[in-house]
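Quick heads-up: it's one chain on its own, the form predicted on its own, in structure tokens.
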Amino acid sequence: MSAGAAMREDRSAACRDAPGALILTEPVRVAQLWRDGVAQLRAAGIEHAQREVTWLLEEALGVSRLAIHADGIESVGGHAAEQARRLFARRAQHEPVQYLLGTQEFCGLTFEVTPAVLIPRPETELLVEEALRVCGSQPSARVVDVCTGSGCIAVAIARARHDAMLWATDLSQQAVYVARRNVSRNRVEARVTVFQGDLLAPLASAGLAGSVDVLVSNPPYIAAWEWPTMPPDVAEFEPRLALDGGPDGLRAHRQIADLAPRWLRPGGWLILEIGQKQSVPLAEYIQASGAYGDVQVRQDFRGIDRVVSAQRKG
């Protein structure tokens, strides 16, 4: 809806106090609304207040960036302004802006996000890059994405490799609903199947044992000692199920590493995202199993060990 349409709708809506009484709310300059929002978010300690207020006004209220900064040129009705103020108030309480907008960009694609799923992050794009690298020219690659959440990893791989077939799993039924919508949104329904269930258990009926080329996962990896240091945007709003990795953050990683050899073909790859200080203990655990060759570690853009890869022996 345009700003002008929002103002007209606001004026036509109504009566608040008594039958027959038409109460018109005063229009509000968008530029002033933007300034007020920035001040509110800055006071709440939001680091990128200007950018986030712009996003909220652009996407949630349907006004252009030009209108936001053209002081006095464009206004919205009082009802639309109140909608914006409610969004500012929620963000000031550290509710993630991605949940307020309902979307997040990942690998150049747009994904629906809700409080049922982890918000896709730039460092997770490394998992996609690694999966595509190890697939190489492998025709009709078979890829499994465990703990899929929003489905961003599986969908991004499918969009990059038009011959790949993918299966994704998540324990949360609500996350599965979101992932399936993202599969449809990005038009890869024919090649990505999303199952509900714990880790690899849902694949029992898929006929994939011993044939998977890549098993990729961004499992929960927040360790118990990290919780007191987590920002409220994460600790209070993102799903605990997708974050809590147990005492050292590697509970799910060990389970996946133990289960993966049944599903990977000889020479197939296990690729896992990790948190800080987890690369060494996880690499040691994987190598001690005897099922894999040398373990590779890749760092993210901040120089933090972020992705652990291992190739199944065979």
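Because the structure is predicted, anything quoted here is derived from the model rather than measured. So that there is no doubt, residue numbering starts at 1 and follows the sequence shown.
Keep in mind the form predicted together with ligand GLN is missing from the figure; the text below concerns it.
Heavy atoms within 4.5 Å of ligand GLN in the predicted bound form belong, among the stretches 109 to 117, 164 to 172, 79 to 87, 217 to 225, to residues of 217 to 225. Contact check for residue 121: a non-hydrogen atom falls within 4.5 Å of ligand GLN in the predicted bound form.
Ligand GLN is not drawn, but in the predicted bound form it has a heavy atom within 4.5 Å of residue 230. Ligand GLN is not drawn, but in the predicted bound form it has a heavy atom within 4.5 Å of residue 243. In the predicted bound form, residue 234 approaches ligand GLN with a heavy atom inside 4.5 Å.
Residues of 263 to 294 that come within 4.5 Å of ligand GLN in the predicted bound form, judged by any heavy atom, reduce to 273 alone.
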